[in-house]
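Shown below, as structure tokens, is a lone chain in the form predicted on its own; questions about how it binds or moves come after it.
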């Protein structure tokens, strides 16, 4: 009799990712006066709205070409053209980002052909910029959809000829929180740098309360700034696992000669030092004293609470770039990353994780293209003390009886996901305090005598 020694999963269970068009919509919401449009069913657009609203707690309009059974058979050109016309007449946007869905990719609707055909029929002096992007979810994640959208935006809109280096810098933050983006802008301004942040949804997805509904919220990267990205002194990319098709910085370097500097997610002291040294070189200025003080306070807190953290084990999951940054940060504060997992895969993820672990420390289990059944199985045998990731790990946290430190995207079962700070010295301070306090809370809850001084 043949023994079955390894179970082969027949289905994905609670995937550690969301859909690629969702990531594209997130990027499109970071452009000034923009409306995202999904070429597909109403259900796809509703799913994306639900996800984005749940995390950002803001109204999010996502248009749809509203596929029916007939358009699935005969093609969606008429639906797309009608949807674009409706969005232009009802919203009067400056920008429409058009993302394909699994269905439209499967039936072969070609947005690269259809969108220019629609543009050629427009009349009048002004019409919005239209940017299509192919985002089949069966071939990607929300992270890949996000970066593919950024790449397409640059491909379509960064059009000015290259006349020579200026002082401006481009910065591509990847999927960070609005709080992270605001902090990065503050840092750039303190260095005296003129910059283009692409995308910038720090206001469009985290706006002050308004007395009336604004269909198109204020904020976002101006299209004129995107057009001039080819004149920048450098492009800083805060993601380190991008393929050629998703790397907007590489496109700017190839097309306009703007040097690309891949920084990676600046989480923790080591990675943040790298970012600040680069900014110091680009600006010709020393690091501003307030950040020197932030760094000093962060080191002081490391010393104060090191006894609670050293030797603890963590499971980390989420988008590839975020997991790499968090792995480096946790290793920096004395925590052993034992499982590092992502719903995405490839592009040097495994090598980057290995390089984030100092010599002499056991390498973690690395999972690519993972779902939460695989993450839970790996975490169960790892002896982990806590999880770090988005709300998708709640079930794993409950089954293992260990805390979940909520970071990244999406955070659906708590408020304030848009205000979580991850990057820079300030972000590391926030994460450090949160982790220590969660471990102390667990210690208190498990103690038979309750509260005590530790």
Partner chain sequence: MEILKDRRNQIHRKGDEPGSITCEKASVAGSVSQRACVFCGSRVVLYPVADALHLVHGPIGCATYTWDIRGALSSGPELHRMSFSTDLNEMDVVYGAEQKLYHSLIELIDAYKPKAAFVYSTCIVGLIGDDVVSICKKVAAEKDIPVLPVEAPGFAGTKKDGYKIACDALLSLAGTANTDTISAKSINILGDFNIAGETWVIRDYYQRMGVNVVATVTGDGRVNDIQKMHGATLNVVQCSGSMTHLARSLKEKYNIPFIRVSYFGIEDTAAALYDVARFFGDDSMLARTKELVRQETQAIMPEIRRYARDLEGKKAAIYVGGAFKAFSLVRALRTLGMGTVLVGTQTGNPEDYEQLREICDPGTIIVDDANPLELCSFLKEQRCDVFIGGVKERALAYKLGLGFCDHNHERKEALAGFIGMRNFAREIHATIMSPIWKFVPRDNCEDSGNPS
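Numbering follows the first chain given and starts at 1. Given the structure is predicted, the values throughout are model-derived calculations rather than measurements.
Below: the form predicted in complex with the partner chain, not depicted.
For residue 214, a non-hydrogen atom is located within 4.5 Å of the partner chain in the model of the complex, even though that partner is not displayed. By the criterion of a heavy atom within 4.5 Å, residue 86 is counted among the residues contacting the partner chain in the model of the complex. Residue 91 belongs to the set of residues with a heavy atom inside 4.5 Å of the partner chain in the model of the complex. A residue is said to contact a partner when one of its heavy atoms sits within 4.5 Å of a partner heavy atom; residue 138 meets this definition for the partner chain in the model of the complex. Heavy atoms within 4.5 Å of the partner chain in the model of the complex are found in one stretch of 381 to 389, 42 to 50, 419 to 427, 400 to 408, which is 42 to 50.
Highlighted residues 59, 68 and 372: every one comes within 4.5 Å of the partner chain in the model of the complex, counting any heavy atom. Among the residues 357, 188, 261, 102, the one placing a heavy atom within 4.5 Å of the partner chain in the model of the complex is 102. Interface residue among 290, 306, 113, 218 relative to the partner chain in the model of the complex, by the heavy atom within 4.5 Å criterion: 218. For the partner-free chain shown, nothing in 422 to 440 comes within 4.5 angstroms of the partner chain in the model of the complex, judged by any non-hydrogen atom.
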